[in-house]
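Before any questions on how it binds or moves, here is one chain, the form predicted alone, in structure tokens.
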Amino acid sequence: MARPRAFDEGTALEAAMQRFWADGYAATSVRDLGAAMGLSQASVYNAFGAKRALFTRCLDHYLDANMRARIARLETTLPPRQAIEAFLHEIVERSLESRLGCLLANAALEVAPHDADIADVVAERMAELEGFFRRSVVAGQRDGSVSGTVDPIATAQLLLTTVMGLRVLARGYPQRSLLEGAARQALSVLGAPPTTTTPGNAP
């Protein structure tokens, strides 16, 4: 009968994620990860597999607490166009708070070009964000808040590109006016937001 693990997996993943996030994939060894997690190298391999497998787990741990949590919150609490706008606004704020960037964007730049398996993982995770934007655009067209002439797929791809670009740009040039201007320009493809009238101003 296998013995229960003597460590908290969530805490260990958080520690490994922080190490990958701060130092990058290539510069982080299994020994570094073990030291951060409070585990021996053998324990790291036994619990999480090789470095690539652990990185994938850390990436999902990061996304669960960030992108996926944000999507779930905005989709369930805001109308579709406002959900898109709020997502980009929060990305700008998040990007200005930390110079570490986005772990997903960092992986796309550093690891994916040299590792086909990680490239596939990155592409699948980015598709989740693209899916959120596509669903929101379609729903916005249904409620009239998004122009009916825009292509949902192309618009979702543009918004995905904008998010990744904002995250990368902010690492070297964290200027609020620049980031907000880029986000505002991307949102303009949705068309002018609907105007609301009050009873006193109604024709």
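The numbering used is simple: start at 1 and walk along the sequence shown. The structure presented is a predicted model; accordingly, all values stated were derived computationally and were not measured.
Not on display, but discussed next: the form predicted in complex with another copy of the chain.
So, Ile71 and another copy of the chain: in the predicted bound form, are they within 4.5 Å at any heavy atom pair? No - in the predicted bound form, heavy atoms of Ile71 and another copy of the chain never come within 4.5 Å of each other.
- Is there a non-hydrogen atom of Ala154 within 4.5 angstroms of a non-hydrogen atom of another copy of the chain in the predicted bound form? Ala154 belongs to the contact set for another copy of the chain.
Thr161: touches another copy of the chain in the predicted bound form, heavy atom cutoff 4.5 angstroms: Because a heavy atom of Thr161 falls inside 4.5 Å of another copy of the chain in the predicted bound form, the answer is yes.
Please run the contact check for Ala86 against another copy of the chain in the predicted bound form: heavy atoms, 4.5 angstroms, yes or no?
Flag for Ala86 set to no.
query = Quick check: do Met17, Arg31 and Leu59 each get a heavy atom within 4.5 Å of another copy of the chain in the predicted bound form?
reply = Result no, not one residue of the spot touches another copy of the chain.
- [ ] Within 4.5 Å of another copy of the chain in the predicted bound form, which residues of 172-186 have a heavy atom? Give them in sequence order, or say none.
- [x] Those in contact are Gly172, Tyr173, Ser177, Leu178, Gly181, Ala182, Arg184, Gln185, Ala186.
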